[in-house]
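This document starts with one chain, in the form predicted on its own, laid out as C-alpha cells.
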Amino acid sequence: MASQANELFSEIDKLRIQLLHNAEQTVQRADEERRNSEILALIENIILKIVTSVSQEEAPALHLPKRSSWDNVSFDSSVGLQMNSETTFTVVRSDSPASITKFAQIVKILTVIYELILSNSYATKRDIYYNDTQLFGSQATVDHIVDDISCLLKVPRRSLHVLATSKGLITGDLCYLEEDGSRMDCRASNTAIPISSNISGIKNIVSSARFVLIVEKDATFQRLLDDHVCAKLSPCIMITGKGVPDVNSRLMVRKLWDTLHIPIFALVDADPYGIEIMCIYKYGSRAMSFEARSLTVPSVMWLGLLPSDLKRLRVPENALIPLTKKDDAKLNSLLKRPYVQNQPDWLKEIELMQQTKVKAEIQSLAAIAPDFLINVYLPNKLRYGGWV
C-alpha cells in the first residue's frame, strides 16, 4: 500500500521541489494589510477634498482607476495580471446627471466603511446594500463600488472591513481555526464545508495533503465527493468556486499555497470558459488586477480536461460538443492574453481546440466508462505527470 502511494505521488513530489525552487527565485510578496489608522486617513482625505470643493463653490469629483481597461493592466509571470502604477481614470462628477447617483453611492459606502473601521466591526456587502436599498438599487452596484473603493485606496477589500458571502466549498485533509476560534475540520470524506468569508482570519492550518485539486463546477465536485475522491487519492484537498470563482475562493487557494507550498491542479471543462476560469485562479482577472498579489497562484497547473485528452482517450464523438461562434470569440480573446503567450503548452492545447472545433465537459469521460474519471483518469494523470 505504501509503495502504491509513493508511486502515485512521485511526480507530484518532483513538481513540488521544482515549485519551491521557483518560489525562492521570486521576491516574497509584501504584507498588504494596512493599518486601520492609515485607511481612515485615506478616507478622511477624500472627504476633505469634497468639502473643500463645495466650500469653493466647485462641483466635487472622484477619479476612479479604470478596472475594466486592459491598458491599465500588465503581466508578470511571477504575479499574474496586475494594475499598472500609472492608470487612466473614470471621473465621477457630482454635477453630472450621468454620474451624480454613483457619486452619492460611493460617498455613502465610504461613510459605512469609515464607521466599520472606527468601531472595529465587519459587515457583508449584502448588509451595506440593505443599509439603503433605494440609493443602491441592486446588490451588484454595491459589489462593484466596494471593489472600486478598494482599488481607489489601494488596499485589499478585507482591510475595508467588508466581507462577501462565500459560494465555494472545500474538503479533504485540512483543519484550521476561524478568526472567532471555531475549529473547522474538512476531513469527512462525504461532506464539504463552505469557504470562510474571512480568509485573512484563518490560522493554525494543519494538513498532510500532497496536493490541492481545484474543480471548476459544483456538479463535478459533488460527484467526486460522493465517490470519496479525497480518500482514494489521500492525502489531498479539493476545492470548488462553483464556476467563475468568487474572491474568497481565490483567497483560500492562495492561503493554501502560502501555507502548505504543495502543487495545485485545476480540473476544468475542455472549453474556452473552463480555460478562462483556470486562468483566473492562476493569473487573476482584469477587474481585480489591483489586488493580484493576494489572489493569484501562478504555480497552478492545468491537470485537465485537456483538448489533447479527447483524442488520446478516444472520447466518443457523441460526447463532444461543437464550438459556437461565442466559443470561437472567447478562444481568440484567450490567444491574445499575455499569459497564454507565456505558456507554449497551453497555446498548443487552445490551437488544437480551434482545429478540431469541438469542446467537452469533464462528464464526457463517463462515455468511456461510468467510473473512468475517478478510477482511471485522475490517478493516471497524477501518477504520470499528465498536466501542463
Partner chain sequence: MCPSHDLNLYPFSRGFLQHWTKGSTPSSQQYFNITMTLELIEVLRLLMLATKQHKRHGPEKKGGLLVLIQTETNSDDNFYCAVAAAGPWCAGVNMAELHSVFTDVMRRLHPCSRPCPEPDIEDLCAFTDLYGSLRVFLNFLMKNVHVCKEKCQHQIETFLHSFCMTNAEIKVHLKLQSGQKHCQKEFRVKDYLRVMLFSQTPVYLDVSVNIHLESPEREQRCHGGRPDIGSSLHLSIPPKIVEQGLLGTVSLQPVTLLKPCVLQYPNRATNLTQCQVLVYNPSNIPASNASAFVQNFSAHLNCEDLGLQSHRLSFQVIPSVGSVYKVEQVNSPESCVKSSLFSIDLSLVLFLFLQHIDPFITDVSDTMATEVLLEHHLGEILLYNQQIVTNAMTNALRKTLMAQNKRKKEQEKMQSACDSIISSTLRIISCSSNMDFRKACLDSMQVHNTKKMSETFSESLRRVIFLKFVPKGACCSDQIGQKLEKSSKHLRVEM
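From a predicted model like this one, the values you see are computed outputs, not experimental measurements. Numbering follows the first chain given and starts at 1.
One more form of this protein should be noted, the form predicted together with the partner chain, which is absent from this view; the next part is about it.
By the criterion of a heavy atom within 4.5 Å, Ser68 is excluded from the residues contacting the partner chain in the predicted complex. Shown alone here, Met301 lies farther than 4.5 Å from the partner chain in the predicted complex, counting heavy atoms only. Although the partner is absent from this view, Val91 stays clear of the partner chain in the predicted complex, with no non-hydrogen atom inside 4.5 angstroms. Interface residue remark: Pro338 is not counted as part of the site for the partner chain in the predicted complex, having no heavy atom within 4.5 Å. Figure note: of the listed segments 340 to 348, 319 to 327, 357 to 365, 43 to 51, the one touching the partner chain in the predicted complex, with heavy atoms no more than 4.5 Å away, is 43 to 51. The partner is absent here, but in the predicted complex a heavy atom of Ile100, alone among Ala188, Ala140, Ala219, Ile100, sits within 4.5 Å of the partner chain. Residue-level contacts in the predicted complex: of Leu260, Ala287, Met184, Val107, one residue has a heavy atom within 4.5 Å of the partner chain, and it is Val107. Although the partner chain is not shown here, in the predicted complex the stretch 105 to 142 places heavy atoms of Val107, Lys108, Leu110, Thr111, Tyr114, Glu115, Leu118, Leu135 within 4.5 Å of it, in sequence order.
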